[in-house]
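One chain is shown next in structure tokens, namely the form predicted alone.
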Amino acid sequence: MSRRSVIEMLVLVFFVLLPLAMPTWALSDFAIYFTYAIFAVSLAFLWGHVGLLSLGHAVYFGLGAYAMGVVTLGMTVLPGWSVIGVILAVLVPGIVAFVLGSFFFASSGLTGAFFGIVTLALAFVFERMAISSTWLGGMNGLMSIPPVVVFGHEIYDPLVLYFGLLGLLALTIRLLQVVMRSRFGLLLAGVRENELRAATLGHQTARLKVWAFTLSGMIAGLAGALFVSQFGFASPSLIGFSLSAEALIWVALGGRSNLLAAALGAICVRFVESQLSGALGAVWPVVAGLLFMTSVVFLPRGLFGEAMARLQVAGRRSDPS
């Protein structure tokens, strides 16, 4: 077993044992943190592995949240609606991401800051559309969205939510790791390092980026569906720039080149925010912004990404073979 696998296993064991040291009410909070972590992983894959920095990635999180809300609202007695809601929450953002990606990367395609600016503008556009839509509840959004129904029972138990979301987070990271190590993933890494060279070698770089963008959007949509199933509401703030900026902070602080590090960044930032936001009040966003800038300048691999990289190096040095 590699050093990296050992680290990942230890992190998983830590979270499996964590409920033993937490009150029951805190388990629900961590279930929400795991949902945010799935969202962060979708952005880390796109930003760290593909090299595409989306400044409006909450668009796909919000689309998943609204899709889940529209389908399941008022349908608590029918377990099948939860399944349909989750499926649509994955498909709708995926289709939107595919269409937008096909437009973004057509011909020479958007790159660098231009791609970021366009995705940022889209976040504002989609947020205004959600606010203006009476069908989606306007400014108030959709309220009283039911939880996920499994075998005819609504899932409220904090312990079940905790381990269910932890399992989905671990599965998401593992599946994306498999994708990253596949031929498709290696080609995406090649596009990130030198797109012109990849194109010269005959690879359809635009098509590769479109499918990577689509996959990232689908995972973000899944996170949105899981979020509204716990919080019970979907509002325009879930689809705008504010949440997108928060996700950037989570991923930058955790580490964009390591999916697990990005997930830990989201979990830790949300946990620290829950502990300090009350005391710091309006100052907290400033603190978060300063942490983001510090991480970008001094820890380009992120706090957890840097720690994991050093542990792996230390492990190789201590290995006598």
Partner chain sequence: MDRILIFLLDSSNAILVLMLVSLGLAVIFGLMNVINMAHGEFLVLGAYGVLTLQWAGLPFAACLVIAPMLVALIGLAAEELLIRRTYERLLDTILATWGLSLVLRQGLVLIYGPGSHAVAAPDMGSVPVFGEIYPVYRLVVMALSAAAIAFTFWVFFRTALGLQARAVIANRNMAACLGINTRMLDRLTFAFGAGLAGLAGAVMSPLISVDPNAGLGWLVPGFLSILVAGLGSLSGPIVGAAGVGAVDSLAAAISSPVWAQLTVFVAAIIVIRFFPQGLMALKRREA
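Because the structure is predicted, anything quoted here is derived from the model rather than measured. Positions refer to the first chain, counted from 1.
The same protein also exists as the form predicted together with its partner chain; that form is not shown, yet it is the one meant from here on.
Q: If the cut-off is 4.5 angstroms on heavy atoms, which of these, Ile155, Leu120, Leu166, Val86, is the one near its partner chain in the model of the complex?
A: Answer to the contact question: Leu120.
Q: Just one of Val70, Cys268, Leu27, Leu55 has a heavy atom within 4.5 Å of its partner chain in the model of the complex. Which one?
A: Only one option qualifies, and that one is Leu55.
Q: Are Phe14, Val160 and Leu208 jointly within 4.5 Å of its partner chain in the model of the complex, each by at least one heavy atom?
A: No, the whole trio is out of contact, none within 4.5 Å by any heavy atom.
Q: Is it the case that Tyr33, even though its partner is missing from this view, gets within 4.5 Å of its partner chain in the model of the complex, heavy atoms only?
A: No - in the model of the complex, heavy atoms of Tyr33 and its partner chain never come within 4.5 Å of each other.
Q: Using 4.5 Å between non-hydrogen atoms, is Phe231 touching its partner chain in the model of the complex?
A: No, Phe231 stays farther than 4.5 Å from its partner chain in the model of the complex.
Q: With a cut-off of 4.5 Å between heavy atoms, is Phe124 one of the residues that contacts its partner chain in the model of the complex?
A: So Phe124 counts as contacting its partner chain.
Q: So in the model of the complex, does Val191 come within 4.5 Å of its partner chain, heavy atom to heavy atom?
A: No, Val191 stays farther than 4.5 Å from its partner chain in the model of the complex.
Q: Looking at heavy atoms inside 4.5 Å, which stretch does its partner chain contact in the model of the complex, given the options 34-42, 258-266, 287-295, 58-66?
A: So the stretch in question is 287-295.
Q: Scan 245-273 and write down, in order along the chain, each residue with a heavy atom lying within 4.5 Å of its partner chain in the model of the complex.
A: Going through 245-273 in order - heavy atoms within 4.5 Å of its partner chain in the model of the complex - the hits are Ala245, Leu248, Ile249, Arg256.
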